[in-house]
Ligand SMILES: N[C@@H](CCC(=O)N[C@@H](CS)C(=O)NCC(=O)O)C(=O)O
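Only one chain is shown below, in C-alpha cells, and it's the form predicted alone.
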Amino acid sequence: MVAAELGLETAFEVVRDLSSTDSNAYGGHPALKIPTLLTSRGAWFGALNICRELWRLSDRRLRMTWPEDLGDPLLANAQELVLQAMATEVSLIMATLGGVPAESAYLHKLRRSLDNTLAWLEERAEAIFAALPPEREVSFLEITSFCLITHLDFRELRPATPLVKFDGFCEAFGQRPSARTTVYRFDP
C-alpha cells in the first residue's frame, strides 16, 4: 500500500510454502518471515523498515505519520496492539498449518489475545483516528489497521464480536486507490 501511495512500481514474489525453512524463500530474511524488500542498497526486513525505505526511494514527499510521531498513550498503544494483533494472526495461521490441535491451550491463548486486542481497538477506534495529526496524508497506523482487519477477513479469522467502528474505518479507507490496488488474494 505504501508503494502505491508513493506511486512506486514494485515486483512481487510469492512465498509458496510458508513452512519452508529456507531463508532464500523469504528474500534472504534470516527469521523466515515476510515481507522482505530487495533494493540496490540491500534487503530490508519487516513492514516498517520497508515502508521507510519506500518513502526514501520516492520523489513524492508524502506527509506520513510514523509510529514515533504517536506521542500519547492512546495512539502509541493502538499502534503496538495493531502490530501485535498482526503477529498473533500469523501465529494462528502457522499453528494451524503446522497441525496444532484446535483445542490446545496455545491456540486458545492466541485467539483470546486477538479477541481482547480487537475489542480494545474497537472500543477506542473513533478516538484513535480522531487523534491522528490532521496534517498527515496517511499514517502507518491507518495502513496497518486497514491491513490487519482486511487480512483477518481474508483469512476468515475474525472474532465473533463485530467490529463496527473498525469496519467503518476500513470501508472508508478502502476507497483509497492504494487500497483498491492491493487487495488480498491467494496466488495460483
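Residues carry their position along the shown sequence, with the first being 1. Keep in mind the model is a prediction, meaning the values are calculated, not measured.
This next part talks about the form predicted together with the named molecule, which is not shown.
> Is it true that 67, 76 and 131 each have at least one non-hydrogen atom within 4.5 Å of the named molecule in the predicted complex?
Spot residues vs the named molecule: no contact at all.
> Among 33, 124, 158, 52, which has at least one heavy atom within 4.5 Å of the named molecule in the predicted complex?
The residue from 33, 124, 158, 52 that makes the contact is 33.
> To test your reading of this chain, name the stretch in 25-33, 53-61, 115-123, 131-139 whose heavy atoms come within 4.5 Å of the named molecule in the predicted complex.
That would be 25-33.
> Closest heavy atom of residue 94 to the named molecule in the predicted complex, within 4.5 Å or not?
Judged by the heavy-atom cut-off of 4.5 Å, residue 94 is in contact with the named molecule in the predicted complex.
> Looking in the predicted complex, any heavy atom of residue 90 within 4.5 Å of the named molecule?
Looking in the predicted complex, residue contacts with the named molecule include residue 90, since a heavy atom lies within 4.5 Å.
> State yes or no: in the predicted complex, is some non-hydrogen atom of residue 18 no more than 4.5 angstroms from a non-hydrogen atom of the named molecule?
Heavy-atom contact with the named molecule at 4.5 Å: present for residue 18.
> Looking at the partner-bound form in the predicted complex, is residue 47 within 4.5 Å of the named molecule by any heavy atom?
Residue 47 belongs to the contact set for the named molecule.
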